[in-house]
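One chain comes next, on its own, written as C-alpha cells: the form predicted on its own.
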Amino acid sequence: MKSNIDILIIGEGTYPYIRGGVSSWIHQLISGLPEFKFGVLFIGSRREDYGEKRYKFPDNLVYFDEIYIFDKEELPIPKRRKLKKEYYQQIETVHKSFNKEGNNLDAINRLIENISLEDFLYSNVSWEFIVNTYLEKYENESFIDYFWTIRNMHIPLWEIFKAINRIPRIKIVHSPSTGYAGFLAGLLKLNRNIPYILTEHGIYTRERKIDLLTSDWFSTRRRFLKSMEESSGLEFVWNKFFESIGRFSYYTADKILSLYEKARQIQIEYGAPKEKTMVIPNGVNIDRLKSCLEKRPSKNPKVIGLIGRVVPIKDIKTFIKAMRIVVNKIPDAEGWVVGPTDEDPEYYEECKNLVKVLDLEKNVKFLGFQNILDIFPKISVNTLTSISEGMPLSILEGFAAGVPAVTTDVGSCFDIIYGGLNEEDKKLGNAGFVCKVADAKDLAKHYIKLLENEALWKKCQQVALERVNKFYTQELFFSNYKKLYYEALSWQE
C-alpha cells in the first residue's frame, strides 16, 4: 500500500485506532485534500493496547504502517553482553543531551550506530551507567524505579530509528504533535532533507507533565514530599526528557503551527523559534451539520451533552458532580456522555460508580460512540470539562448544529466562546460560557442558566452560528493547508 507519497503524517496513539480529537483532524485533512497522496505512520505503545481501526481509509491514503515502541515482542531475548568502556561515554552523552538546547541528533546517531538495543539493555556498560547516575543524583529514589525509568525512556529511540529505514520515499513529513511522533519527523527531516511541518493540537510537553502529575503512581509518591509542588527525581527525569524531544521537534521543523494564538505563545515559551510559528484554526463541515438545526424540536430538551472519550483528561467526574447540582434544581435534566468508554476501563468504572453514589442513574447516561448528527438536535447545551485541550472540534461542530457550549477554560475554548480571533469576532458576543477547571458549581450554574433562560439560549445560539460560519469553516481550513503544502513542495524545486 504505497505509491508516490506526497505527505507522511506521523500520529502518536491516534489515527486510525482512536476516535475523535486529533484522529478526526487527520481523517478530515486527508479526505478534504484529494489532490495530495498521503501516508500515515502510527506510533503506539503496545500492540495489545489498540483494537480495530476506527476509520475507513480515504482513497488518497496510499501508505499505512505502524510501530510499537513498548511492545515486548520487539525486545531482544535477555543475554549477557560485554562492551568496551568507551561506549559508556556515548550513553552518557545521549542522556545528558536531553538537558541541552537544540539538536542532539549527532549524539543519538552515534549511540544507535555503535550500540545495539540488546547492548543497551543487557551490557555491563549500561548497568554501570545506570548505577553511577543513580548514586550521583537520585539516591533518595527507589533504584528499581530508576532502573526501569531509564530503560523505558531510551528503548523507543532504537524503535524509532529502525522505522526510518522502512519508510518509503516521501516529499513532506507532517506531525500533529511533538513527542515521539515529532521526534521521528525531525529525524526524517534531517536524514532526508525534506520539509517538516509540525501542527500541535495541545502542547504535548505540558500534557505529559499533567499525566505525570495526575498518575496514581506519582501521586502516591508525592504524599511523602514536602509539598504538592515538589516533584520527585523521577518526575524530573521524565519532564526533562519530554522537554528535550519537544525542543528537538521545534528545532528541526520548518513550520510550527498551533490552533490558536495562546498556544503559539506557549510554544515560543517552550523553545519554538518565533519566526517559524503560525496559527491555523480547525474548521468544520457546516453543510453536513445544518440538518441538525432542521431537526431541533420546538422546545429545548433539558439535556446537556458531553461529546468525548471517557478518560481522566476529559474530567468526566466533574461533569457528573455538576449534574448532581443541576438535577437538584431541575429534576428531569439529563447529562449524556457521548464517546468511547473502552480506552480506560478502570476510569469508566469509577465514573459509573460516582453516578451511582450520587444517585444519578436516571439522569446521567453513557451512550458510547454515536453519530453526532443524531445527538445535537437532542441536546440544548454542549459541554466540555477537560483539564487540557487544543481546539475541540466537538464544540465547533455543536456551534454549526446550533448548540451553545459551556466549557472549562482550556485550550482555545475562551476564544471560541467569547471571540478571540479579532475585533469583529469579539463583537459577535458570547456563544456560551467558560468556567474554571474542575469547578462543578461553576459549570452547573451556567448549565442551569442556559436550560432555564430561553432568550439567553437563543442569543448564544445565534452567536455560535455566526462565529462558526465566519471563522471556522472547513473550506478555510483546507485552503490554509493546501497553500502550506504547495509552499513546502516548492522548497524542494
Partner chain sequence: MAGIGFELRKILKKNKISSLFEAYGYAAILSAGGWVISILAIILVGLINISIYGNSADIIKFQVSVTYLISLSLILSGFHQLVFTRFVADRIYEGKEEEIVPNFFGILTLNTALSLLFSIIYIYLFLKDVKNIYFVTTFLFSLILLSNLWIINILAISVKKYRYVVLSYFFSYLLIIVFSYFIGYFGLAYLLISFFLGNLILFILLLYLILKNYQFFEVLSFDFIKAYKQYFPLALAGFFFNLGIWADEYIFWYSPLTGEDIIGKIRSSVVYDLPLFLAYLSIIPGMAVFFLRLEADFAEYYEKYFKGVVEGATLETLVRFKEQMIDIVRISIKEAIVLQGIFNIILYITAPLIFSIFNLPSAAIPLFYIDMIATQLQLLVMNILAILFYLDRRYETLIITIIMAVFNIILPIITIILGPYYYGYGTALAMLIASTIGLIYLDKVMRRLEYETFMLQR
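Positions refer to the first chain, counted from 1. Predicted model only: the values in this text are computed from it and were never measured.
Keep in mind that the form predicted in complex with its partner chain is not shown, yet the notes after this line are about it.
- Looking at its partner chain in the predicted complex, residues Tyr122, Asn140 and Arg151 each place a heavy atom within 4.5 Å of it.
- Contact with its partner chain in the predicted complex, defined as any heavy atom within 4.5 Å, is confined among 367 to 375, 126 to 134, 184 to 192, 256 to 264 to 126 to 134.
- Contact with its partner chain in the predicted complex, defined as a heavy atom within 4.5 Å, holds for exactly one of Val279, Ile164, Leu75, Ile387, namely Leu75.
- For the options Arg81, Lys302, Arg324, Arg247, the one in contact with its partner chain in the predicted complex, meaning a heavy atom within 4.5 Å, is Arg81.
- Of the heavy atoms in Phe147, some are within 4.5 Å of its partner chain in the predicted complex.
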